[in-house]
Every structure is written in structure tokens, then in C-alpha cells.
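For reference, the chain that follows is the form predicted on its own, supplied as C-alpha cells.
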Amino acid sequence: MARMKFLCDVERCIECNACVTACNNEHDVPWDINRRHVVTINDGKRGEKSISVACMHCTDAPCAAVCPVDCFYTTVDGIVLHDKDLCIGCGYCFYACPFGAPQYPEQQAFNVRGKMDKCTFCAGGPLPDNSPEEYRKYGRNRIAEGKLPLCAEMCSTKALLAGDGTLVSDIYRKRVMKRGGSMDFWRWEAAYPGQGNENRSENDKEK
């Protein structure tokens, strides 16, 4: 049985935000909400890495564990979705998720924030596949069309991988083997000539 997963190769991510834009456009995501976002660690410093983050569709999803109305469910493909007709907007899932995936679609007073919104792995929701009602509430159902999430398809460097967890892990494993285990794959000195030694000295001082 397929277990659909995301994996972001931090050695390839260039923080272009194409995945974020693709997701917003494909699903007509509410204003001020990004179902996917790019996080940069050590911005502007040696060892800078960026990673594209969204709902990771956990095998044992903490959002589902804390939901008081059981609106979260897992499909046969291992995709974690939620039913907006059952959701009461309590926000428990927001606090339980380590990736900040569930979000309020509206920034208003607590009792009028509405239903939670999250990444669907482009699999829609509990309504009939590709129906107008499903698109209005959850966005386009690309999985029902036999396609992968658009965020991964639009990734310019193929850093964001999506699909069957076994296949995704095989692709990443081959990449690591081809790199020879180097975690400085893109070479800081090549990207920022003349700054390599200076940054090394600063790092040594911090140690």
C-alpha cells in the first residue's frame, strides 16, 4: 500500500518559493494563507540551508490525535485530510502540528476565524472528486487525476519530492550516494568567492 510522503532535499532548495506560488494558484488558497512555506536556516551565513515545509502527512498524525471532533482522517494512500464540515475551528491541531500546517483562513476575532485550512497533498477532501464543492473547500484534486502535487512538479531544482514514500526515499538515497556524502554540495566558496576563509575563521572563533 502506498504511503504518500513529501521530502525536501535541502542541498537543492534555492528558496525560489515556486512551490508556494504553485500551491496558492492551483488551489485558490485564501488570502494571507500559505499551505506551504519555505524556511531558511543560517540565512546569509556559511551552511545556509532552505527547506520547503507543509503538512508532512504523518503516519501517526498529532493533529488527528488532538482533534475533539475527529475531523481528520487518513486515506488509503496515507494522505492526512480533514473534513471542514466537521471542523469547529478550535485550533488544537494548529498547536499540535510541529510543522505549523493547519492554519486559520481568516484573521479575525477567535469565534469567527472559521474552519482550519491545510495542505491536502493535492488530494481534495471528502466530497466527490473534482466536484465544484470540493474545489471550493479544498482545492483541486490532482491525485484523483493521477497526478502528483503541483508544488513538487513546479520545483525548479527538483528539491521537493512527492509520492510513494519508498520511491521518494530511493531517489534521495541515490542522490546522497552520488554526492559522496558531501553536505556542502553546492560549495560556498563557488557561490561567494573570497568569503570562504573569513567565514571559516568566524565559525572557529564561535567554537
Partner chain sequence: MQSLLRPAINKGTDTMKIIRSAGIGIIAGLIASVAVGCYRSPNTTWYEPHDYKGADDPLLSKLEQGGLHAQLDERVRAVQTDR
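Predicted model only: the values in this text are computed from it and were never measured. Positions refer to the first chain, counted from 1.
The same protein has a further form, the form predicted in complex with the partner chain, not shown here; the description that follows concerns it.
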{"item": "4.5 Å heavy atom contact, Cys55 to the partner chain in the predicted bound form", "value": "no"}
{"item": "Gly91 within 4.5 Å of the partner chain in the predicted bound form, heavy atoms", "value": "no"}
{"item": "is_contact(Pro128, the partner chain) in the predicted bound form, heavy atom dist at most 4.5 Å", "value": "yes"}
{"item": "4.5 Å heavy atom contact, Gly100 to the partner chain in the predicted bound form", "value": "yes"}
{"item": "Partner contacts in the predicted bound form for 130-151 (non-hydrogen atom within 4.5 angstroms of the partner chain)", "value": "Asn141, Arg142, Ile143, Ala144, Glu145, Gly146, Lys147, Leu148"}
